[in-house]
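Below you will find one chain, with nothing else, as structure tokens; this is the form predicted on its own, and questions on how it binds or moves follow later.
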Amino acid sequence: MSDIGTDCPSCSGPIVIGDAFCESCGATLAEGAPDAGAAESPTAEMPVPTVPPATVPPATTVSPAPGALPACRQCGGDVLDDGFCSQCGQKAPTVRDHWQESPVDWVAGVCDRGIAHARNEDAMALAGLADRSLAVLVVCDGVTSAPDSDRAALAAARDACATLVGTPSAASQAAAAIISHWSAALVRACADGNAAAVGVARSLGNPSEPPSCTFVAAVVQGSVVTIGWCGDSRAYWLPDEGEAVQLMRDHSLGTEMMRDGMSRAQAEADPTSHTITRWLGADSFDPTPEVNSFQVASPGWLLVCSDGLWNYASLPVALQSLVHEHVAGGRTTPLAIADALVVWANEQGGHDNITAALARVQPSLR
């Protein structure tokens, strides 16, 4: 972990040098934590704790080459120091508006503001080991109706990921032991994520509408995927061959409508379908995650995402087709596919924040 710098202007918590976001409350730090004597960096280090006995490389924001200007997402022109494109005049997204993480070559994600929303209330935190023995993917989606939910989502994602990464892998390679081990760890991680979201509310003076967020986390150990979630952020298994699977069931009114006999299409068309029935935050009635597991038998992709993506492709087969299409088009890495999925969601309208995190799981390599 980097050296501690100064205090966060929002919550007075300690700031880690080089961070673009406060670890305590998730507040955006305009230029990163100050570092006297160090050159200003255009990227934000997002340190990841160690997994005993190995070390997980830090997940970092993808940035231009040294000395190069960032490219405008609208026209490809150079973005100047004032944050506006030199060609089309569009304001470039901030680090919080759009960032990428790829801690190892088989795990990556992209988190994007989308088009319609004024800020990005999604967050993610990823980790993995180079030998493909372990991966952690966490996605949280801030509840738009509650102010400052972007801070709650970021704090919850980071703290939950830290808990999971700090948990040693299951000692036994038996699937039942791995599932039991990580199911318990996911419950702890969700509790820590909830505590982080509640901490953000306290740092804001315990507002009457406290910030809140959804939660979904996936742990891959060997060929076993274990999921924990609260809300309607999702996890999917998208195999290279065979049937795609949604690995969890939303905590939402839409799910309750389908349980009562309404079709998926009818439920998803209902304006209240996205009302969540479980979430993290100070006003949550039940922040306990539901857990599930899946044993992978063949190569494929684990996708963890917010509803900004699956709103446009809810069925597992639809997302599987998108991923296969991108792979066929030459995008074969998790980062390239995640970026393509975000671009695609924006092309469909970008009505919500979008997060797509992927792990390439190949049990034959273990």
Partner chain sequence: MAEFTAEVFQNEFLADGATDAHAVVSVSCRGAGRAGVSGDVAEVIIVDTSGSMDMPPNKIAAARRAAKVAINEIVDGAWFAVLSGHSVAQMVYPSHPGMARMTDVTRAEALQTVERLRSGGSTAIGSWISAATELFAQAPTARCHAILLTDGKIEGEPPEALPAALAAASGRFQCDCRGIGNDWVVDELRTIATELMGTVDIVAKPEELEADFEEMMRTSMSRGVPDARLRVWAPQGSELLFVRQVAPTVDDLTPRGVQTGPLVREFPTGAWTDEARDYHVAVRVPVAPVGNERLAARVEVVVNDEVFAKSLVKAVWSADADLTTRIDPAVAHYTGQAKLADAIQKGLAAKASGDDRTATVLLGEAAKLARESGNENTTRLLEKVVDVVDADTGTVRLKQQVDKSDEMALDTRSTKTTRIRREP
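Positions refer to the first chain, counted from 1. None of the values given here were measured: they were computed from a predicted structure.
Here the subject shifts to the form predicted in complex with the partner chain, a form of this protein not shown in this document.
Which of 290-298, 78-86, 125-133, 190-198 sits within 4.5 Å of the partner chain in the model of the complex, heavy atom basis: Going by heavy atoms within 4.5 Å, the stretch is 78-86.
Please tell me whether the candidate spot formed by 322, 333 and 360 is one where all three residues come within 4.5 Å of the partner chain in the model of the complex (heavy atoms). No, the candidate spot makes no contact with the partner chain.
Option touching the partner chain, based on a heavy atom within 4.5 Å in the model of the complex, out of 274, 264, 202, 91: The residue in contact is 91.
Heavy atom within 4.5 Å of the partner chain in the model of the complex: which of 95, 115, 177, 184? Result of the distance check: 115.
Contact label in the model of the complex: residue 74 to the partner chain, heavy atom within 4.5 Å: Close contact exists here: in the model of the complex, residue 74 approaches the partner chain to within 4.5 Å, heavy atoms only.
Output the sequence-ordered list of residues from 184-211 with at least one heavy atom within 4.5 Å of the partner chain in the model of the complex. Nothing in this stretch is in contact.
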